[in-house]
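Presented as structure tokens, the chain that follows is alone, the form predicted alone.
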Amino acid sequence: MNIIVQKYGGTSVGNIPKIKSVADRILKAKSSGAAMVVVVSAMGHTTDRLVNLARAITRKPSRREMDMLLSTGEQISIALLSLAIQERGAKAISLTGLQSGIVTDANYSMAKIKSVKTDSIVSQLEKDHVVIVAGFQGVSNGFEITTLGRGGSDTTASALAVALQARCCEIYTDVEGVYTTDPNLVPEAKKLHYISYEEMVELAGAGAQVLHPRSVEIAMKFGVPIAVRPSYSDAPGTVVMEAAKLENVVITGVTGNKNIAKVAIRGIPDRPGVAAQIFSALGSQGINIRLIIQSIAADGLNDISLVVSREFVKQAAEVLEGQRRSLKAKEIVCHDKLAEVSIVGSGIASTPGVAARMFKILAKQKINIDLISSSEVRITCVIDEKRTPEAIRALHQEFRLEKLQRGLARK
């Protein structure tokens, strides 16, 4: 079966005219002979309104009830889109995460997909239905409704594309595709026609908002290409695919992320088991650590700095303060006025001097580097958040990304 999975975000289905436009786009793709599975987010701002309703009742809503509440947003949009397709004379059916066979763990608000049972979707495709699936949600083995967290609809689409062995996963959004950096900050930023899975994971993890890294990781594991396309035109967008099929480039993009904070544990005795105690305590509360830096011991004492998402900084500080006495640490210090700025590219690891160029250009701008981390395709510096825009502009200019050319590798 020739299956295409499409995903439309909240802005793409934000009102009735937009929903009708999406219905037309889906049927145009179907007319080429494809079996269509469409993942839809809640209509724009619906989730925010639901969150505000809960907060009007309680400051600390239970995660279970929040999942029950927030999952209703997608049910509105899938039903309306299904009706719009039916109105155009085609067959369509809307399915919740439960009805679609999306099975998750029981971690409310941040659930991970464990499996996708495709029988119900395939059955509807065989009846020539367009299948409209609620993104962002699933069901645990205990039949509890769960949500997948930020970027959950992207993850739903990617998981369905893999499970259904789809030809492609198309992510429709309100931008033209993936750019070398944010075009709102750098007008000369260039749209990429192609990008590797590895580069896209790093860009997304470092702050780019186009795709969620989890969705790319799933597609990368099984080799399903992702096409990021605008929902308002027929522009080709950006294809995310295997690095082996692409020309190698040193730097593909620059991105910034202001949604971070640092928690420093100062004056910890240098002894075995300290790190295990710290990260067991944080992990038990579901707190993700983005970066860990441990200083060289002096006088038998260490400092450990942790970078976390800003939403977790208060909780992380409370957890560590509770451990401070048993750790025999001197103090816990927080700093939430930080940001990450990253360069990403498949040639970073194999090209000497890239890091030096990054550090020199930041120094030239008199931007102090607080922490540094790197991977095979990324170098990240933690800096003062107020300096993020000028850091991005300077790095984009230094690596001349406005002139970046990338095509398919020649065999």
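This structure is a prediction, so every number in the text was calculated from the model and none was measured. Residue indices: 1-based, along the sequence shown.
The same protein also has a form predicted in complex with aspartic acid, omitted here; what follows describes it.
- The stretch in contact with aspartic acid in the predicted complex, judged by heavy atoms within 4.5 Å, is 147-155, chosen from 147-155, 272-280, 293-301, 166-174.
- Not displayed here, aspartic acid is kept clear of S342 by more than 4.5 Å at the level of heavy atoms in the predicted complex.
- Interface residue remark: C381 is not counted as part of the site for aspartic acid in the predicted complex, having no heavy atom within 4.5 Å.
- For the chain shown alone, S346 is not a contact residue for aspartic acid in the predicted complex, no non-hydrogen atom being within 4.5 angstroms.
- Contact between A42 and aspartic acid in the predicted complex is found at the 4.5 Å heavy atom cutoff.
- Taken together, the three residues T47, E74 and F136 all lie with some non-hydrogen atom within 4.5 angstroms of aspartic acid in the predicted complex.
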